[in-house]
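Quick setup: one chain, the form predicted alone, written in structure tokens, and binding and motion questions come after.
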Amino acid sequence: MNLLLRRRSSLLFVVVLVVTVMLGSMVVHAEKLRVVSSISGGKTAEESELFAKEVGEALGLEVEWIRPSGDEYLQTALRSGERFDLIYLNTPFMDQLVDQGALLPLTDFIKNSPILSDPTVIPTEDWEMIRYPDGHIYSVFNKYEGGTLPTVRADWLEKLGLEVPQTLDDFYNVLKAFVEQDPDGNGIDDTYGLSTSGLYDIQGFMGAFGVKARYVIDEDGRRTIPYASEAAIPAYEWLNMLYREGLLDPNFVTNSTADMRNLFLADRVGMVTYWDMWVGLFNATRLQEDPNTEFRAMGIAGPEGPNGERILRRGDPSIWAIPANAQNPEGAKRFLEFWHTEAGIILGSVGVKGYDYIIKEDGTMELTEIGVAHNMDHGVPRWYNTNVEAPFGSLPGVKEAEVFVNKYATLEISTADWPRAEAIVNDYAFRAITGQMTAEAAVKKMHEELMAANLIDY
């Protein structure tokens, strides 16, 4: 009897010890916030530490801010069981994590948050973009995304006496002039008409043929990918014509977005397809280098189709989510509210006080040399909160580009299947555009492989 009691007593001690250790661990972790973001934060490891300190002071927490160098870091880390409190991701990856039950639902938190439920902070209707069929919302927006559209060298148009292109024929003529009429004036045949980063983002041109990117899902839930439909054939043929005639940058398949941007900034190409925000960043970068530069980037609507319609792309929401195994979900929720306040927006846009900017004696803000180089973008170049004004105004050309995005851009549907489908679409689209296959044959094979992989329904 005494032996049994001793055993029970020993067992009770062990249980109490384990619980005590676990609770102690929870207390320690509750004071720390682990954040992973490949976009938001400092530009370097040292700057990320400054960024983390600023967030920590605002929240009263110790903050570890992890800014990975590669896109695969987060997926690999989550698969290995590493625990984070807050992760930055895009909607296709969110789709996968939601399917796996790996994210905390935030529906009630958002509804009860005086900040996030305020429609002047985030429009009520925009939450529907990230609401899932189960009725839950699993994330909070990082920033206002805007959209992508053709961006042209307006100074080259003026120099060559060209009008802003409206139709496909207009676009062809402008791109041809950019190649053949020496728009940079250096006397060397070294310019391209158009550059992209793979298929990113040819939507403006595909839209002239009525073709929408990624998935289209009908009222019966059946999936199709218009880029793999017969309607896309003439679009690929048009792009192949640009490629054959040397109007399209021959390295478009392997270009990174940085490669494409650098070509545009270096006077090597007259048109790119990129974010409306980058219209302003292009202009600001060149003005910073030379206040007297003639360089002027301008966002344009893209070619209109036979019925006069245009289709541009609204950006996938970039979002913050809390993993289901987060050790400090309450601290993460405090961050999500802070991020959409004026203090959070200033940090995410202008940067760290005393490093990216200073406050002068008259109370106005002044960028440091580092802050100027950072272009007021630490993950939030634009925001939803209409109560917060941009301290230095908007970048040149952005508001004009937004007009076209707001008028013609729509959100694309990804689903968790899109990453697998995208590889097939890219493969055969590249073959069609570069002439390795006819557009008709490429679309046929693309469609067959997507059907065989059960990635589309018809």
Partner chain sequence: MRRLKPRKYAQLYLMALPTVLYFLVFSIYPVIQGLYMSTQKPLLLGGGVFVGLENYRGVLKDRMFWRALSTTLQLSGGTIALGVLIPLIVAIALNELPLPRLRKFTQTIIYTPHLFSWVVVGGIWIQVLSPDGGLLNELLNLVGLQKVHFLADSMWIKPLIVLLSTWKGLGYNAVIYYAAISSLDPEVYEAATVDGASRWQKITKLTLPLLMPTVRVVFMLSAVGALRIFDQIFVLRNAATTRVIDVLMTYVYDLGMRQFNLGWATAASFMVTAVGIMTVGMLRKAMNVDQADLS
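Positions refer to the first chain, counted from 1. What you are looking at is a predicted structure, and each value in this text was computed from that prediction instead of being measured.
Not on display, but discussed next: the form predicted together with its partner chain.
Heavy atoms within 4.5 Å of its partner chain in the model of the complex are found in one stretch of 110-118, 179-187, 308-316, 78-86, which is 78-86. Among residues of the shown chain, residue 423 is one whose heavy atoms approach its partner chain to within 4.5 Å in the model of the complex. By the criterion of a heavy atom within 4.5 Å, residue 169 is excluded from the residues contacting its partner chain in the model of the complex. Remark: residue 136 does not count among the residues lining its partner chain in the model of the complex, judged by a heavy atom distance of 4.5 Å or less.
Its partner chain is not shown here, but in the model of the complex it comes within 4.5 Å of a heavy atom of residue 268.
Here is the short version: of 100, 288, 256, 364, the single residue with a heavy atom within 4.5 Å of its partner chain in the model of the complex is 100. This chain is displayed alone, yet in the model of the complex one of 151, 96, 283, 240 has a heavy atom within 4.5 Å of its partner chain; that residue is 96. Contact residues in stretch 179-200 (any heavy atom within 4.5 Å of its partner chain, taken in the model of the complex) are limited to 192.
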